[in-house]
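The chain below stands alone, shown as structure tokens; this is the form predicted alone.
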Amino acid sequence: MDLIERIDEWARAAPEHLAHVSRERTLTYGELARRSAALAAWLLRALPDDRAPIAVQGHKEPEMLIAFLGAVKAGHPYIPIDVTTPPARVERIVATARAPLTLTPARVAAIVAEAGDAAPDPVHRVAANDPFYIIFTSGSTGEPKGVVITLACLTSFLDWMLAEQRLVEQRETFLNQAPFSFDLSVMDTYLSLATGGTLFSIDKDDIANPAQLYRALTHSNATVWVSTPSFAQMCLVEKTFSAAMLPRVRRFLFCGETLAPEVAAALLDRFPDAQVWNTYGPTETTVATTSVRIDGETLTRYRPLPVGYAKPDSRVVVLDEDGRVAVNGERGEIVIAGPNVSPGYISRPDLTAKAFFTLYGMPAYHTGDWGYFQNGLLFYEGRRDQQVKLHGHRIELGDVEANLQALPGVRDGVVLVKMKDGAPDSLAAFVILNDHSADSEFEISRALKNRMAERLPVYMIPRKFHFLSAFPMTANGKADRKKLAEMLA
């Protein structure tokens, strides 16, 4: 059975079992199968000769899962877009993907209510080498780029994780912290649906309200925690965040950013019966490609922590500046090859040609990440270019700069990362204005933030703005980012 058939099989075997919990709303496997089939039938009537991507915009509503499965059952990949994404950026995503339709939770509910029990012909479903989903990430030119992930890519990832983690079918509850537009959510969503588990969503309002968040966690009955390390670090501030609050948690799965040894150590201390796993992989290689269990011995032996060993059907190598495989301990670019590697970026053959190639007879991807091997373990050392990971989100600084520079009144702008305790903490912008305004710098900063919020997600907006009459320059006549960074220290 492929993934879609597996999920539908749970609907036949356990139709009343909960597939998704989002606040007070629930969705059973039977409901998920029936409603996604009804949506698929509607899509086949509405778009009979079209296999173009379907945009799905919402947050953590059950209709998001119905839309995802309904799309692929009708032969369409889906594009998850979070409700917090500014309209202008949504328009660029939809235009780039040439999506003929954008579904919202309300529209999905209405379509399903009208469609009744209609079901599509299974022959129309997404096949192994067809695109399954497309996730848009930050692009260096100010334009988002869509990473195409096929069903075969997703299957490779899931087969590995299911074998490694030995999840118990129909007994696991997966914490869903990341929005569906962030590919970390693929880990919890499809590991849960493939095993007949329950996906428990934490939404943006929960995260913004600590008391509400901890109440939700207490009632989650989560057995598998999936999140960015920074989210766990935030939770650890609360002293009651421990096995008493989450007595059923047996494993923590981390991806999306660097896992600090202190965070791993605190989790092992507060959850003595749970395992902590560190994983690594860019969106282009389907969530993660390496993993390692972090235990007391690992914490004692390694600082920083390793990101793991490659999944069995993939190859991970580190290449030096001459393109040769680096020796043990030598730093170079991390390159990933295997069946989990994306076929490329939608509507961007130029970017695809630069990043994707063939290695060892398999699809391969230049990650742009620095790394090295030690004792067979991979270690991650940051980005080679201007791309950064901030609180789990991958951000191209060039994307933020391009949108800053496009604002009225801004002559030039440079965006850098402010570090705190050796880790990325926030974005900072250096700005040259066309005219010196009578407004205070606070008022100007607020106005720039408001304007940027019309173009970019909140996590891509600089926290602090510094106003200069001119940038320091390098010998090549470029803004001296090193000297600007020194101003942040």
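Numbering starts at 1 and runs along the sequence shown. Computed from a prediction, not measured in an experiment: that's the story for all the values here.
Heads up, the form predicted together with a small molecule isn't pictured, but that's what we're talking about next.
Between 319 to 327, 338 to 346, 275 to 283, 192 to 200, the stretch whose residues reach within 4.5 angstroms of the small molecule in the predicted bound form through a non-hydrogen atom is 275 to 283. Among heavy atoms of E172, none comes within 4.5 Å of the small molecule in the predicted bound form. None of the heavy atoms of V400 is located within 4.5 Å of the small molecule in the predicted bound form. The closest heavy atom approach of W225 to the small molecule in the predicted bound form falls outside 4.5 Å. In the predicted bound form, at least one heavy atom of V307 sits within 4.5 Å of a heavy atom of the small molecule.
Residue in contact with the small molecule in the predicted bound form (any heavy atom within 4.5 Å), chosen from Q386, T258, Q165, S220: T258. Comment: the small molecule is not present in this chain, but in the predicted bound form one of R394, H124, R92, R251 has a heavy atom within 4.5 Å of it, namely R394.
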